[in-house]
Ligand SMILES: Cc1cc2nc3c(=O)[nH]c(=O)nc-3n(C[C@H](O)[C@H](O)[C@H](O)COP(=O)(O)OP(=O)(O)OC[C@H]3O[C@@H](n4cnc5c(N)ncnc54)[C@H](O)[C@@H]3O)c2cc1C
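What follows is one chain in structure tokens, specifically the form predicted on its own.
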């Protein structure tokens, strides 16, 4: 039976995250969006420290498990204030920290988890490449064992947090002949390792406050294989990214909620023909649709999070549903907010213009909406094929 009521602890965590986001993170959103890439790195480190000091950076992160409801609640509140900050925090604590918490050895957890939770260390997951994307079988990065060390070679083209990362988890082939399920491994690589180079920060349409760059490895020695055993990388990354769909949905609903709140305020404040524009049915209907879209996205996401926490078999499918609905939904919500603001929303530097750009990432982040539909449809297609 599903209990849709949050526990007292979850309510307190959500309230804490909302208060921190409004007071400390939201005022920096515009600054981050317009800052130089060098300034972004400094500002983002400061934001991560604020999240850590309040105890929300580590939300959902435990030794050996991830509480996705807590991770979702914090993600929505931080994203509502600044999507860039959340996606950077998510890369460090959920993707890097979560991978170590779920799959790391006792020594690896001891070495890295405390630092990632306190933001004394910043993490990054480097798995995708220019010619691979969702197709992990097309990865070109390799790892060769020499003299007791694994030496990594290859290039990861879009890595969140690469410019500020102290710890990178890098996916590479250890035995390509073994195939996807046994041939890939996830390696721990530390900042400053020989042969590791981080490219110049990448300019993006949205999430301009998130530090992103490519990572090149030239016979770079890894610190260790995550979990201590080669051939587990595909399983590890797949499980992490499947769970991560819930946290991407959190970003989408957070941005969508921010769009709705700003559009509602505009609809009350701006007048046309002698009355607030919100009194016109055309505007009121848009606000109703925005509320509905956000609330359904939140419900789907928490349902998927609950399913993961309770180890339901359908959890990955439900997470794909949440990401698909929320990803497409936030694009529609941002578009309606822009329509309500009209020309004033289209001006560079306005909140709704930034949110409009940030929203578009939801449909393509870590698996496009097309891939989510494939994921959702496949179980039914497989059942029909077996008849």
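Since the model is a prediction, treat every value here as computed from it, not as a measurement. Residue numbers count along the first chain shown, from 1.
This protein has a second form, the form predicted in complex with the named molecule, left out of what is shown; the following refers to that one.
The named molecule in the predicted bound form is not approached by residue 231, whose heavy atoms all lie more than 4.5 angstroms from it. Shown alone here, residue 126 lies within 4.5 Å of the named molecule in the predicted bound form, counting heavy atoms only. When the named molecule is considered in the predicted bound form, residue 19 lies well away from it, no heavy atom lying within 4.5 Å. Within this chain, residue 153 is remote from the site of the named molecule in the predicted bound form, having no heavy atom within 4.5 Å. Residue 160 is the only one of 258, 304, 251, 160 with a heavy atom lying within 4.5 Å of the named molecule in the predicted bound form. With the partner omitted here, the residue from 101, 212, 215, 73 that has a non-hydrogen atom within 4.5 angstroms of the named molecule in the predicted bound form is 212. Only one segment in the set 273-281, 260-268, 132-140, 292-300 has any non-hydrogen atom within 4.5 angstroms of the named molecule in the predicted bound form, and it is 132-140. The candidate site formed by 308, 318 and 321 is entirely out of contact with the named molecule in the predicted bound form, as no residue has a non-hydrogen atom within 4.5 angstroms of it.
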